[in-house]
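First, one chain by itself in structure tokens, the form predicted on its own.
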Amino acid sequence: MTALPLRSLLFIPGDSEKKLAKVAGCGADAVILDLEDSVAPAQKADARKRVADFLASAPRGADAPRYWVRINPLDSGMVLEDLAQIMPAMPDGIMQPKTNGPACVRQLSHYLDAFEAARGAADTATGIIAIATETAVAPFHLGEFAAAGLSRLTGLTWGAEDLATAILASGNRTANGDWMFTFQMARSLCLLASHASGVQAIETLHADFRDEAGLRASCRAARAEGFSGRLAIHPAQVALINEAFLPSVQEVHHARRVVEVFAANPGVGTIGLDGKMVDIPHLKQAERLLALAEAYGVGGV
């Protein structure tokens, strides 16, 4: 996983000149320039050209978002067309939809090897985020990512809508808004596979972009479970996601106290703090939290 995880990853339809023009001010850590589901078949060629032109002139650097492109699935027959058009413009990464397992990522990686060699780029300069639950077979292969040795793999995420389509489900949520069991299972397996593979765990979309309360609650729950970022479907979601995937001031304060109490008692494996016992796993969590807080300037760190 990169030292600084991507908190918000905003989808931008690749055929929308209007939306591409607003990328610079969107505030997202990364934008995903989409060639897949948000682009109608008749507009694919136009989307490839627009995305390539956008990438060629897009600002780069610390203040700019990372630029990722969601290509079409391997079995679509369009992947090489997608890559031939966009790779000369040097995206930061490729999002691979409908990934059935590590073999799909490996095949895409071989394609990227060739395109990077053609432009003289550094090996594995282009990362891959795999959407790893969108087909009926994909969840069965999530555990294989940990031992696959995929040097380009940067993150795993999951998708509920395509999975519902793949299994002929009429919905994916219960009456109270929770994920149905099959989708909870796919989500959890994706989370575990991400951490087992040492890559970023990215939560899926919150489709109702007007539901701020629901988005905030689900982001906080996702972060508490171990996700470090989230896909966004609308610019209005970005600021809330960015905030939700950072530690609070109170969390920073507590983490600092955990680190301090262990520093003041070298050699101990467990110690009391505020009437509760904390041990080495708590110390490791606190150190990771403080590193993230420092990177983003949270809580005075």
Ligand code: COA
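In this text, residue numbers run from 1 along the sequence as written. Everything numeric in this text was worked out from a predicted model, so none of it was measured.
Keep in mind the form predicted in complex with coenzyme A is missing from the figure; the text below concerns it.
- In the predicted complex, coenzyme A sits beyond 4.5 Å of every heavy atom of Arg48.
- Although the partner is absent here, Val249 sits far enough away that none of its heavy atoms falls within 4.5 Å of coenzyme A in the predicted complex.
- Contact check for Lys22: a non-hydrogen atom falls within 4.5 Å of coenzyme A in the predicted complex.
- His254 falls outside the set of residues with a heavy atom inside 4.5 Å of coenzyme A in the predicted complex.
- Residue in contact with coenzyme A in the predicted complex (any heavy atom within 4.5 Å), chosen from Leu74, Leu205, Ala164, Ala89: Leu205.
- Partner contacts here mean any heavy atom within 4.5 Å of coenzyme A in the predicted complex, and among 32 to 40, 241 to 249, 255 to 263, 55 to 63 they occur only in 32 to 40.
- For the partner-free chain shown, Leu10, Phe11, Ile12, Pro13, Lys18, Lys19, Lys22, Asp34, Ser38 of 5 to 44 come within 4.5 angstroms of coenzyme A in the predicted complex, judged by any non-hydrogen atom.
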